[in-house]
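Taken one at a time, structure 1 and structure 2 that follow are two forms of one protein chain, written as structure tokens.
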Structure 1
């Protein structure tokens, strides 16, 4: 028997029991007449003791040869620890070893396998199987398991069917770049890996299955960042005979269930905010509501003096930082330099202090007197001890710039409490967005998103004014889900393709199967897809998803553990009818 108990299981109630344990050696402490070994498995740590007087010479000498990460099996007697450890669940007992077997030796690990490790990120990703032994990473993967189990349970109880859709599909021009897979049997033709099961789940609604879900891998060949991987996991869902409220209420229930069952947190009803309101007040369609700093438009109180920078701007806008008067001049210079970086692109930063005595001081005192600054304070509700940050420029860019500054200030002031959760539905997105490079409209979500019924007539005359039955779920400034009511009428779908610049031939080639399906009684339907990786990370108190995926890619899209992507042989290239790029 390798083990009668796991390493997190034994308690004081197990005293005097003969037990068998197996696991990895976390630490060895050799004190001459005593050897203590911390034995670790997935479930916890148990302390072993080898005693010169009570253990055989053979066992004691074998214990002296053991190193970190050796895999061992022991048998022994549970005894009470003389020096208890309240930090671990097994801290009141230890096992007096009577038998010891080395199941496998180990090289010295390249980094310390503890929560606080000395290994850099690239090194730990190369030895990911060792990194996962660290409790922090192991617990992240356990959290992921628990969340996926609760998702399946909740949706199954709500009569959703879990249905698999294909991984080898056809490439389409909308969205991000596809990963393509050459077909050996159909030379010169390619499959694409799905960015989403979008059209398949719509076809399942046409097929009459009513409620679908799938926890599914998706693939996008795009630039990476902390919250993005080339392959990611979605909780993909679709429902028939629903409107927007039906979908939002259904999946608000799912997220509430996850927080209640996993974290014992009861979330209130999720507020809703239009896309236009989010952009106007926060400069982003995924505002973080854990902190204030709502935008205030200041044109009326700033564009009446000789400060031409404000006078010539389409928009003068700012936000108040509570207790920001404590910022030093050096702090303010850093913020000014930050917004002037090319990534942000602001020309400068204006600020106004409301000093502790209630007087005002600004970086543009040359142009504005005390009565002017008092107006600024009144309209922005800035109080003694606060500071008002102001940017100006064209409306679209300046709101984005101020939104980025708002997040930067929140980071610096530690306003992002990882245990505070503020979900928000953002609704009424534009159906289309204009792309300057291609000089054409693109679908903001995807080409199957339904316009609001009252806006269909605007598609031909004023496409930019059309709003969609589209919605995102935002959590702590992160988009964790997005979806829409879908077009289910072939005529409207064709109108959408026309607006996006598809010829009838192109639309037929790319999406003819869907258009044909709409001729056989497609029901009204809609759905949503959640980013599982992001949900798990946020519920785990983080924003970087990499540590919540067992085997992630690095920032270059590489798996440095298995050295992928890699080249293939000339023979394989020939079979696939591909030309080699080797020189």
Structure 2
């Protein structure tokens, strides 16, 4: 038997027991007559002691050969420590070793196995099996396990069925790029890996299964941005005989349950905000509500003077930074430079300080007098000590720019408390968005999203005005889930494909099976999919998903630990009837 207890288990109540432990050597302190070893496993650390008087010579000498990360098995007696360590649960005892077996030795690890490690990102990924030994990463994976268990328990109790959908499906070059899988048995043909089980979950609704969920890997062959993974995990859900409210209420329940069961946080009813409101007030469809800085439109109170820049702008809009009057001249220059960077693209930043004595000072004092500025302060509710930031330009761009500035200010002022959680439903998304490049409409969510029934008549006459029964769940400025009520009527689905520029043949080839299914009694249905990686990271108090995935890929889509992707044999290429055209 390798162990009677784990390394986090022994207490003062175990005193005088003979125990057996196995684990990794965290630290050795060789004091000549004594050797102390910190033995670590998943559950904790227990201190071992080898003692020149009380241990056999053989054991003691063997103890001297042991290094960091060796795997050992010991037997010994639980004794009370002379100097206790209140920081760890086993801190009152130690184990006096009577038997010692080295199960495996270890080279010196390339970085320290501690929460604060000296290993860089690439090195840690190459030796991921060592990285995961660090408590912080281990705990991330345990958190992930707990969350998925709770998701399953909750949904299962609500009569949802977890049903596996296939991974080898069909390529539909709509949306993101598919990963494809050549078929050897059907030469020249390919499967695709799912970007999501969207059509399958809809078919399960047609099949009458009513309430479906699945925690499932999805795949997107995208050029990777900083925190994207080519394979990622969704909590994928669908329900029949529901409207938007039913779906929102059901999954608000799920998220609340996760927070209460795992973090002991009771979230209030989630606020709901229309897409238009979100854009108008925060310049983004995923506003972070942990902090204020709501937008104030200032056209009425700014366009009556000789300041042509404001006068000629479609929109003059700003927000108040509480206590922002403390910004120095240099701070303000930095913010001005920041909004003028090409990534943001504003032409400049106007500000108005409300000084501690209640007087005003702005960067446009030349054009506006005290009474103008007082009006700005009134309308924006800027108080003594605050600052008002203002941008102007065409509405769409200036809102985006101001939205970015809002997040940037929050970053600088440490307003993003990782332990504060502000969920928000954003609803009533546009059905379509205009794509300049292809000069055509794209589906804002996906082509299966249902327009609001009262807007169906607008699809031909005013497509961009059509709103959909589509919704996102936003948490702390991150979209953690999104979904919609789906089209269940073949004619409307056909209209949607037309509108998106699919030819009859393309629609038939790619989605014929779904259109067919709609002819055999498709129920009204809708659903949602959550990004599990993101939810786990946020609940873990972080925004980077990589450290919440056991074996992530790097930014070039490589697994540098196993060195993949890699070339395959000529034999394999021949069997697949493929040739590389890479030069």
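Numbering follows the first chain given and starts at 1. Superpose the two forms; the largest set of C-alphas matching within 1.5 Å is the rigid core. In this text the structure is predicted, and so the values were computed from the model without any measurement.
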Which number goes with the form predicted in complex with a further copy of the same chain?
-> 2
Indicate whether residue 18 shows a C-alpha shift of 2 Å or more between structure 1 and structure 2, with the rigid core used for the fit.
-> no
With the core fitted, just quote the Cα shift at residue 571 between structure 1 and structure 2, in angstrom to one decimal.
-> 2.6
